[in-house]
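Listed next as structure tokens: two forms of one protein chain, kept apart as structure 1 and structure 2.
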Structure 1
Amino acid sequence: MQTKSAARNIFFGGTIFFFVVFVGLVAHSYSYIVNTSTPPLKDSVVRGKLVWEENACINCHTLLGEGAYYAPELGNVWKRYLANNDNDPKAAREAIITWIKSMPTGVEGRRQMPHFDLTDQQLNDLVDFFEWTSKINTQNWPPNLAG
């Protein structure tokens, strides 16, 4: 009986200890995220995140490595398009929007992205969200532009 109650006390005590440590670290991380690792939030980024969520993009794509693994990583899609468009932000934005609008391709044997009915504002908000996401300090992940 004694070992049992000792084990129970260790369990409860230890769990509380580790949880308190965890909460403390997460609280610190919270302020680190808000003040250091992410750029300030614009309204368009907040709206763009909503567009991302309402269309269940995460169930094909990954975003910072999390999501479905069916379609390319989009955490750095902004950087990828910048690189492909001579670092011209305007051209990169146009290219992403054109890509989304031209889906689905219907090409046989290619993975298909669905057609989404998005307004110009929603498309631009979404790109703002991608641009903002690409500027998060992710400890240099992913290793390269391929994502």
Structure 2
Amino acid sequence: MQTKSAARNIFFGGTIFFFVVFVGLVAHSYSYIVNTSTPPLKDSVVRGKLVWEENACINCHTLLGEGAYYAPELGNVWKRYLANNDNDPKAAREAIITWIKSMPTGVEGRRQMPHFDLTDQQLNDLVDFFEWTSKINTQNWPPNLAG
């Protein structure tokens, strides 16, 4: 049997130990956040995020692993299209915009993205948002370009 003083010592010792661990983890997280550079936000990126939210893209797509798994990951869509277009940013931008405009394709048996009547400005802002998202240090998430 344990005495009251032994139980009290275990309780206080454990509390102090886990408090020190907690403070260490908070300090580590803080130093990681401070030392991680995030790309600067432009107005077009903010508007692109608004287009993303207004059209509820996250109901089907994931963005950096968050969202629905019905459609492809879009946190690295810029990198995918850039790689498929010989690292030409203009060609990648046009390819993404063309893809969005051509939906739904009507291919039988495939999941179809709804048609959104987005203006050219909204499409460019959305692509700017995808480009900005691709520059976030995600520690190699998703693990491959296919998303």
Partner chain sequence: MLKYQSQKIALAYFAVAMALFVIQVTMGLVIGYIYLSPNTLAEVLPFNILRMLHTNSLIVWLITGFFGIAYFIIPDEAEREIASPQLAWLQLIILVVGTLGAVLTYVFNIAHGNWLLGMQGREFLEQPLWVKVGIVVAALIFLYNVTMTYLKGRKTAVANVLLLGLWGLALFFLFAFYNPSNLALDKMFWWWVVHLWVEGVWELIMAGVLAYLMLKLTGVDREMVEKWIYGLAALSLFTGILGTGHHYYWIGTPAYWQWIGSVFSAMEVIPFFAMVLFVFTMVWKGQREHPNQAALLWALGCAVLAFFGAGIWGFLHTLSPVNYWTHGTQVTMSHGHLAFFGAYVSLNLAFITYAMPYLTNRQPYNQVLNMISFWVMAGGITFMTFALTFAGAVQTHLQRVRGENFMDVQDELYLFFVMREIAGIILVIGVALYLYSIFVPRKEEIIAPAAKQPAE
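Residue 1 is the first residue of structure 1, and the numbers go on in sequence order from there. Each form is matched to the other, and the largest set of C-alpha atoms that superpose within 1.5 Å is called the rigid core. All values derive from a computational prediction rather than experimental measurement.
Between the two renderings of this chain, the form predicted alone is found in structure 2; structure 1 comes from elsewhere. Within the set T36, E53, T105, N59, T36 is the hinge position, where C-alpha fit passes from one rigid part to the other between structures 1 and 2.
Two rigid parts make up the chain, and between structures 1 and 2 the smaller of them rotates against the larger by 57 degrees on C-alpha superposition. CA movement of F18 between structures 1 and 2 equals 9.3 Å, with the two forms superposed on the rigid core. For Y32, the displacement of the CA atom between structures 1 and 2, after superposition on the rigid core, amounts to 6.1 Å.
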